[in-house]
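Okay, so here's just one chain, in structure tokens, the form predicted on its own.
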Amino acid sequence: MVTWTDFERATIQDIFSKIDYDVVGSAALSRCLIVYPWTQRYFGSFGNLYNAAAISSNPRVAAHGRVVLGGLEKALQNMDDIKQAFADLSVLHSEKLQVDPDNFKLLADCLTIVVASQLGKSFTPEVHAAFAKFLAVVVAALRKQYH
């Protein structure tokens, strides 16, 4: 179990209250698919993912980015037991979708870059550390079924 400080809890809540889920989710997933093109293999049903412009304007990428942020909202609401809250998602991604678990970290890194760009100067080193801890716990929860 992860121990959260009051500062970390408040900071993570504050981050999610400030970001636009549609913009951030789409931008983070698009960035991941563009920068790490091998991640596209899990999204074959999304249509045209042939270049950065196609990925960035793809409505299915945008919609799934919103789904990802919704999942993070679930983690936010269950910070004291994210692993349990994500148990079904872990099984889905490992057994049905067979997603390479390293991709969760790649997406988390892309999400951090997008959130930092959205928050600007308010994304201080302390805020970054709290957000990185939160995402690390989420990634560990998603990877749980793989072990």
Partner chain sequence: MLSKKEKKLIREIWERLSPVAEDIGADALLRMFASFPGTKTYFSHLDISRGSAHLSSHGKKIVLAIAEGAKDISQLTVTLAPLQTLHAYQLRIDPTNFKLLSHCMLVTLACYLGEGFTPEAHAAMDKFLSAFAAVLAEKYR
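Numbering follows the first chain given and starts at 1. Worth saying up front: this structure is predicted, and the values here are computed from it rather than measured.
Keep in mind that the form predicted in complex with the partner chain is not shown, yet the notes after this line are about it.
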field: Interface membership of F123, the partner chain in the predicted complex, 4.5 Å heavy atom rule
entry: yes
- request: Answer for I34 alone: is it within 4.5 Å of the partner chain in the predicted complex, judged on heavy atom distances?
  value: yes
- prompt: Is there a heavy atom of Q118 no more than 4.5 Å from a heavy atom of the partner chain in the predicted complex?
  reply: yes
field: Proximity of V61 to the partner chain in the predicted complex, heavy atoms at 4.5 Å
entry: no
query: Which of these residues, S94, N103, Q40, T112, gets a heavy atom within 4.5 Å of the partner chain in the predicted complex?
result: T112
task: Considering the partner chain in the predicted complex, find the one stretch among 79-87, 64-72, 40-48, 104-112 with heavy atoms no farther than 4.5 Å from it.
output: 104-112
